[in-house]
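In the form predicted alone, a lone chain appears below as structure tokens.
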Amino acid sequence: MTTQPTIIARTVVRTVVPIILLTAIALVLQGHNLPGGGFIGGVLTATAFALVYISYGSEYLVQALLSGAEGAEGTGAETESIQAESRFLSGAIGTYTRMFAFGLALAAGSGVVAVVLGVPFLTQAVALVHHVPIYKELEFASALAFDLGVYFVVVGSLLTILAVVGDE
């Protein structure tokens, strides 16, 4: 017999998950100057997804992630194929794997760009943006691309682990 989370737990998750995701975004954006960065932002994002997994089940999250693909145009066979893929957790694992690969390419690419420009690997450049709400002044360093890559690698890998373990 399986037990379902209570309505209180589901309501708390609906309230807490957006706060966690906003905190994760803030930590990723300020990571190269203050405590934070892609790793902790990715861990927080994976935690938000884990809460949704626990409260609503894996099918809910798979439908939420792949719903854009299901609504896309296509032949009946394509739509049927996408729906068949989304029925199983392997569809979600594929999405997480692509997220992992994108993050790895972005992190590595951010270092390679510096080499292409004739400076050592992962050398960063900085641009200041003034009059930004909340932050007033925001510094965009090329390290942000590396942080975003790390973010996607961490989110992709942790969600893959969560999906595989949750499937068993």
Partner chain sequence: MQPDPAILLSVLAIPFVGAAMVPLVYRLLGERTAYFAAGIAMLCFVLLLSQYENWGTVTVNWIPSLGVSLVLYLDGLAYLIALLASGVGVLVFVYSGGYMHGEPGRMKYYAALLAFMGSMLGVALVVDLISLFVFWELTSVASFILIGHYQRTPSSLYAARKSMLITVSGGLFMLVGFLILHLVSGQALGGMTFTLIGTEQSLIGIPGEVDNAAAIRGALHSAGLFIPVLVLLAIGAATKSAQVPFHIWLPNAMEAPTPVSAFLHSATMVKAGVYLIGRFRPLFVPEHVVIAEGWTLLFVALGLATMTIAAILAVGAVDIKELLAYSTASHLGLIVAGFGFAEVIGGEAGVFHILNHASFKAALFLIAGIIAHEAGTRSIADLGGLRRDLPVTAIIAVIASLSMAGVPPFNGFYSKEFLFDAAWETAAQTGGVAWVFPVVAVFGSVFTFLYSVRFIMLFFGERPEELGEVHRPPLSMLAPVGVLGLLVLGISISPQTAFNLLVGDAIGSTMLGEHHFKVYFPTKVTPPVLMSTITIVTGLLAYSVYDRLHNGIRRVRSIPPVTANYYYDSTIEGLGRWSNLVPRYVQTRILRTYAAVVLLSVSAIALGGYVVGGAGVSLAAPTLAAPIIIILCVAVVGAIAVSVAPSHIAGVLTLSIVGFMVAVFYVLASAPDLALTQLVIETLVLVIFLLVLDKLPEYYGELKRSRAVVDGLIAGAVGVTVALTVLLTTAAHPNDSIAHFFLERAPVPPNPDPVFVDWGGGGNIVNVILVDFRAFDTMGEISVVAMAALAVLTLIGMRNRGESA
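From a predicted model like this one, the values you see are computed outputs, not experimental measurements. Throughout, rigid core stands for the largest set of C-alpha atoms superposing within 1.5 Å between the two forms. Numbering follows the first chain given and starts at 1.
Just so it is clear, the following notes concern the form predicted together with its partner chain, a form of the same protein that is not shown.
Trainee: Would you please decide whether residue 126 lies within 4.5 angstroms of its partner chain in the predicted bound form, comparing each non-hydrogen atom pair?
Mentor: Yes, residue 126 sits close enough to its partner chain in the predicted bound form that at least one of its heavy atoms falls within 4.5 Å.
Trainee: Using 4.5 Å between non-hydrogen atoms, is residue 39 touching its partner chain in the predicted bound form?
Mentor: Within the cut-off, so yes.
Trainee: Is it the case that residue 121, even though its partner is missing from this view, gets within 4.5 Å of its partner chain in the predicted bound form, heavy atoms only?
Mentor: Residue 121: contacts its partner chain in the predicted bound form.
Trainee: Can you tell me if residue 116 lies within 4.5 angstroms of its partner chain in the predicted bound form, counting non-hydrogen atoms only?
Mentor: Result no; residue 116 lies far from its partner chain in the predicted bound form.
Trainee: Every residue in 17, 25 and 57 with a non-hydrogen atom within 4.5 Å of its partner chain in the predicted bound form?
Mentor: Negative, none of the three is within 4.5 Å.
Trainee: Counting only heavy atoms, which residues in 17-36 are within 4.5 Å of its partner chain in the predicted bound form?
Mentor: 27, 31, 32, 33, 34, 35, 36, in sequence order.
Trainee: Once you overlay the rigid core, does the Cα of residue 129 travel 2 Å or further between the shown form and the other one?
Mentor: Yes; residue 129 is a residue whose C-alpha shifts (by 2 Å or more) between the shown form and the other one when the cores are overlaid.
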